[in-house]
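Here you get one chain, nothing else, as structure tokens; it is the form predicted on its own.
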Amino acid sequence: MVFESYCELQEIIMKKRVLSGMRPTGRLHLGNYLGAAKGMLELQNNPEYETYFTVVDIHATTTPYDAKTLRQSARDVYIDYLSVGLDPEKSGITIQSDLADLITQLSFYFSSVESVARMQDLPTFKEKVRQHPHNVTMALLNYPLLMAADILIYKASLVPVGIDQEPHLEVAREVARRMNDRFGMDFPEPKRFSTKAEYVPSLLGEGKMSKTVEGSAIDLNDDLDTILKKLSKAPTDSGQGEVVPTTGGVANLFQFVELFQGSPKRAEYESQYTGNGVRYGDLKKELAQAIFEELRPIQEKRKELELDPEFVDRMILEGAEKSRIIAEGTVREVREKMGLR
């Protein structure tokens, strides 16, 4: 996906542009893989879409973080992107801060069309204020505008994120409408793009799989024994009942079975549940093996990449250069339409 000029990029504007980003708060886990990366792989290989992936390390600065480890964390997530199969020849793959001069500039321009009251009223902002009462910064307040800049700098129309990000996408749509109305821009109003496994449940039985909740997630680098140990702690019941549970630990286990062993296997276990009963020890052992078999090639690819740091450096640099062509074109257009030099 090498482009010679911004004009050449406009020749493929009819493609649906998709942007996906992840914060570098730790190595990717199964939820990231199933909920985002796996779906993006399908889009990457679909000629109807033009795909962009980014490690949003600037976003990490909106809440307390470790400056000493952030750079390496961003690189680790970038390597995870490549390990799961994201291809720099097919997609624009960047680390956000490599385009910081353009993204943060665009975010500031967007702040001229949004009110402080609107930002303060967002439920996500209020939640973060409760979580970090001593770190209520302007960066946190403007987080949705930074996200809007991530998306609109590529004029992406589809964003595969969870339903919890819908308030931020609504801000991005508001910004797009106002920039279009006031300055004659042609920003699309980005929509949430649902993937098959956009919500991957926690191993703990409640909520979704998370990097920040201990025991909640299976990491992409976990070996078979580690996966089995984590699954063994997943809550269950007696293994038998008149009705198959639709929530809680057992329901989550059955969902994982479907994701990694298929619908027929899930139906088999559900039949056992309402019949003679399920042996959870056997289920978890077979499930652990199925998960590990899917993760094995990802782990092998990562080992190869870690042995070739120069290749990774080159991909990071080339990814930034490719995406910069579009980003510079968008920011230049915004500056001109806003009357700036």
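Rigid core: the largest C-alpha set superposing within 1.5 Å between the two forms. From a predicted model like this one, the values you see are computed outputs, not experimental measurements. We number the residues from 1 along the sequence you see.
Just so it is clear, the following notes concern the form predicted together with adenosine-5'-diphosphate (ADP), a form of the same protein that is not shown.
S.K.: Tell me, please, which stretch of 207-215, 259-267, 246-254, 232-240 lies within 4.5 angstroms of adenosine-5'-diphosphate (ADP) in the predicted bound form when heavy atoms are compared?
M.R.: Comparing against adenosine-5'-diphosphate (ADP) in the predicted bound form, the contact stretch is 207-215.
S.K.: Counting non-hydrogen atoms within 4.5 angstroms of adenosine-5'-diphosphate (ADP) in the predicted bound form, say which of I58, V278, L287, A36 makes the cut.
M.R.: Here the answer is residue option A36.
S.K.: Just one of S111, S73, Q165, T104 has a heavy atom within 4.5 Å of adenosine-5'-diphosphate (ADP) in the predicted bound form. Which one?
M.R.: That would be Q165.
S.K.: May I ask you to state whether R23 is within 4.5 Å of adenosine-5'-diphosphate (ADP) in the predicted bound form, using heavy atom distances?
M.R.: Although adenosine-5'-diphosphate (ADP) is absent here, R23 would touch it in the predicted bound form, with heavy atoms inside 4.5 Å.
S.K.: Is Y199 close enough to touch adenosine-5'-diphosphate (ADP) in the predicted bound form, meaning at least one heavy atom pair within 4.5 Å?
M.R.: Output for Y199 is yes: heavy atoms within 4.5 Å of adenosine-5'-diphosphate (ADP).
S.K.: With a cut-off of 4.5 Å between heavy atoms, is H29 one of the residues that contacts adenosine-5'-diphosphate (ADP) in the predicted bound form?
M.R.: So H29 counts as contacting adenosine-5'-diphosphate (ADP).
S.K.: Is there a heavy atom of V161 lying 4.5 Å or less from a heavy atom of adenosine-5'-diphosphate (ADP) in the predicted bound form?
M.R.: Residue-level check for V161: yes, a contact with adenosine-5'-diphosphate (ADP).
S.K.: Does R71 count as moved between this form and the one not shown, where moved means a C-alpha shift of 2 angstroms or more after fitting the rigid core?
M.R.: Result for R71: no, shift under 2 Å.
S.K.: When you overlay the rigid core, is the Cα of D87 off by 2 Å or more between this form and the one not shown?
M.R.: Not so; D87 is displaced by less than 2 Å.
S.K.: Can we say the CA of K128 moves by at least 2 Å between this form and the one not shown when the core is superposed?
M.R.: Result for K128: yes, a 2 Å-plus shift.
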